[in-house]
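The chain below stands alone, shown as structure tokens; this is the form predicted alone.
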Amino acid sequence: MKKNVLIVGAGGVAQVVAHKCAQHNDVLCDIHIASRTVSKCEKIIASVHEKKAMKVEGKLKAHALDAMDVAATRALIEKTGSQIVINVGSAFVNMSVLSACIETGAAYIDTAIHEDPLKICETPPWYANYEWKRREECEKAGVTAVLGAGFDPGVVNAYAALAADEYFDEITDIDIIDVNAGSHGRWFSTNFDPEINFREFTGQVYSWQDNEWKSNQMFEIRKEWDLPTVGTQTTYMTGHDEVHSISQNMGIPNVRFWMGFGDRYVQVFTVLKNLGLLSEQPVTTAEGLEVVPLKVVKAVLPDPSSLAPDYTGKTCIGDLVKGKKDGKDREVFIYNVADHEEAYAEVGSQGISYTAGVPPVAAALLIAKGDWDVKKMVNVEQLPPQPFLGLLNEMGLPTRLREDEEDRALKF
């Protein structure tokens, strides 16, 4: 059944989502893009037309929207007849957009956990602070809400489910590894919204080890991995959304997240944090102006979407899974490698945006076709992974598996 789609947000990830929806508008039908700045939506639409991404003739329209306004979001969903909402706006708007979906019956998809602008790194498991409190509300309304359907969280959750379904009888450890081995040529920049990026790393690093929460400081625990294509890379144990759902939903004793950081990022982050410039709490300047230091830092850094034309290199993101199969120890690495230049050539965005933006469109297609239209709130690991990963193989994010000396593409 064809479904109309509303995309909330107009950043680099939204651009990928719009292109991929357009490439599948024989199923997703009318496509609407909404943001506080309508000119950003119009720029994305121009890019879609420039790339001739529309599979069939159809509607692609821009709208102005403050997504924190539930009534306005509900009205736009109703006006556009949208049956699926893909929320790739700020993490601060998740609960507002979800509310509008519950009120209208539209399916809801997001790519990151909800955050309160004035709170950093809340009590684990993070999903229990906002999203999971609304499970009953979604099920009562018969609303499908797929949480964290980007790459991480999202695809890595599906990798965990695939490992449990097909490769292990018992899983003891999942180490999620995210490395960007690309270069954008700037002295310093974050690859996505600087405010959200820095907020991820200024609080405690929560990991799930020996069936309980462990806490460390950022950049305290370092590890090197030998990865396909990108080689040996330095990573640090980091707090991340999927640790908080996989650990609770799959009953795995050890779930950790590792992200690659270069020396410059570590140095800049450390200086900014020590100066108090990564604080989310308002301060008053000598002139009497109230400002949020983190928002000032965001304002002076490059817009992540501007990095795309000069980006080179590749990303490698995957799950290193350990456990037992048929009574024997087993270890596999299920992963994807994405290319920044290929992403830019196809959709005009860099690889980080590409890996985050393609999966929610695959999720939308599965909801439209009924495979994932479960009429309740779920995280990705609670859904069948094979149809999702099969679609991603076709849509530009193929899955591979490395085990011992073997490295092969997976077919679904």
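Since the structure is predicted, the reported quantities are computational estimates derived from the model, not experimental observations. The first residue of the shown sequence is 1; numbering continues from there.
Below: the form predicted together with another copy of the chain, not depicted.
Asks: At 4.5 Å by heavy atoms, is each residue in 187, 283 and 295 next to another copy of the chain in the predicted bound form?
Replies: Checking in the predicted bound form: 187, 283 and 295 are all within 4.5 Å of another copy of the chain.
Asks: Is there any non-hydrogen atom of residue 216 lying within 4.5 Å of another copy of the chain in the predicted bound form?
Replies: Although another copy of the chain is absent here, residue 216 would stay clear of it in the predicted bound form, with no heavy atoms inside 4.5 Å.
Asks: So, in the predicted bound form, is residue 183 in contact with another copy of the chain at a 4.5 angstroms heavy atom limit?
Replies: Because no heavy atom of residue 183 falls inside 4.5 Å of another copy of the chain in the predicted bound form, the answer is no.
Asks: Is there any non-hydrogen atom of residue 272 lying within 4.5 Å of another copy of the chain in the predicted bound form?
Replies: Heavy-atom contact with another copy of the chain at 4.5 Å: present for residue 272.
Asks: So in the predicted bound form, does residue 267 come within 4.5 Å of another copy of the chain, heavy atom to heavy atom?
Replies: Residue 267 belongs to the contact set for another copy of the chain.
Asks: Looking at 324 to 332, 309 to 317, 156 to 164, 272 to 280, which one sits within 4.5 Å of another copy of the chain in the predicted bound form if you count heavy atoms only?
Replies: Stretch with heavy atoms near the partner: 272 to 280.
Asks: Among 226, 212, 290, 220, which has at least one heavy atom within 4.5 Å of another copy of the chain in the predicted bound form?
Replies: Exactly one listed residue reaches within 4.5 Å, namely 290.
Asks: Going by heavy atom distances of 4.5 angstroms or less, which of 138, 250, 301, 259 would be at the interface with another copy of the chain in the predicted bound form?
Replies: It is 301.
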